[in-house]
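Heads up, the chain below is alone and in the form predicted alone; it's given as structure tokens.
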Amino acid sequence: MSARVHDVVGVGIGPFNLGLACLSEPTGLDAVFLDRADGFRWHHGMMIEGATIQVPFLADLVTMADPTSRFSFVNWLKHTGRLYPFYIRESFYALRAEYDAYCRWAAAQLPNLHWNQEVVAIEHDAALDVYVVRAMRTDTGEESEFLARHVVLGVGTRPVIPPALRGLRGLAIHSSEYLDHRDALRASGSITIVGSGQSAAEIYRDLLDAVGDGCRVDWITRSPRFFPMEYTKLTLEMTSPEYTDHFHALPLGMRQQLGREQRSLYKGISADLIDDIYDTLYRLSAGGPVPTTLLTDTEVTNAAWDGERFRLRLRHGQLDREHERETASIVLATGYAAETPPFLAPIAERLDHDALGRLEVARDYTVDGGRGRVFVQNGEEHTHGLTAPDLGFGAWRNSSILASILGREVYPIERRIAFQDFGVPVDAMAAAGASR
């Protein structure tokens, strides 16, 4: 174990911890970042041609904290000769492949990113009052230890598979693996997509091109309709420091309820894609019936594989009636969820947990009883709401984390950006108190 004590060890190198690495680079902070992958990858299984990110290009790794940073998306465009074509294109939304390439470009400039390092345990050394991050190289098995004053967890989320669809044999894959299996899905003859959001819609639209080859494509969602993502400006103000303050202060039960109610605000389908799907169905129908079925308010309650086909047991929510369908393959576009990494077990008693056993993340993104030493990125949706996975809020969160670690605001932190109040206005509360 090296005697060197790093200011920060970041665990996981997704967009958020990569953004932290970029923003910390000019500060002189001694930070290292570890990831078990052999290089940066961002949703490669969903890198469908032409797909865009769902936030404006300003929601890159750094711009919303430091518009002058050399790690900005615009700087990447300039360096790759794409600035003028992007400008002429006149779209705020970068291609998903562009965003991935941009992140890999930024990662290549940072020597403190350590790939093939899988963190297996984090311990606390009481004598030194530092965290010991134990890692193992995924390619050689070599073990390493990193000492850290602060730890930033950015391990991201994991694919979710509903209980009724777990452990299936046959061609049943999560959407995160879609492109690796697309040819096999098309060759299967019939495909059923299960899910409600953007990934389900993108895969359905992509596979509609296969119906002309005799392939059947069905789409099943538990949602009562195909919800478009709400993208009006006053709704977008909910991705703000003020709304995050409001959400974090709510009791657990209310946060749980809002988490369910607000899914369409950031897990819905882009309106343009919904329209494109309809237009495609209309175009295909000109040649006769389209071999597809779209089922809403329908839940898969059971699934079985007989060696050739899946038999799905479905329940319609409004009618409370069940029926069955058969399919040769399944795509589970059933989303992602945060989990408490098992490598935190040695320091579990130093971390805060809520009544449901999840990490109880404080407003400043710490999770260690007010010590200010362990931070969480994109694992706080249940405590901070819809800003947790939002790419556009990542730079704000990283500005806050850096301010806590350094004891000063390197990047100015906006505290009020919204026109609206999300709770009782301060002046109204003052007036109510004065009238008593």
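Just count from 1 along the sequence shown to find any residue number. Just so you know, these numbers come straight off a predicted model, no measurement behind them.
The form predicted in complex with a small molecule is left out here; the points below concern that form.
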{"property": "Any non-hydrogen atom of D100 within 4.5 angstroms of the small molecule in the model of the complex", "result": "no"}
{"property": "G156, heavy atom within 4.5 angstroms of the small molecule in the model of the complex", "result": "yes"}
{"property": "Distance check, L406 to the small molecule in the model of the complex, heavy atom within 4.5 Å", "result": "no"}
{"property": "4.5 angstroms heavy atom contact with the small molecule in the model of the complex for M46", "result": "yes"}
{"property": "Contact stretch among 66-74, 24-32, 364-372, 49-57 - heavy atom within 4.5 Å of the small molecule in the model of the complex", "result": "49-57"}
{"property": "Within 4.5 Å of the small molecule in the model of the complex, all of L95, V211 and Y278 (non-hydrogen atom)", "result": "no"}
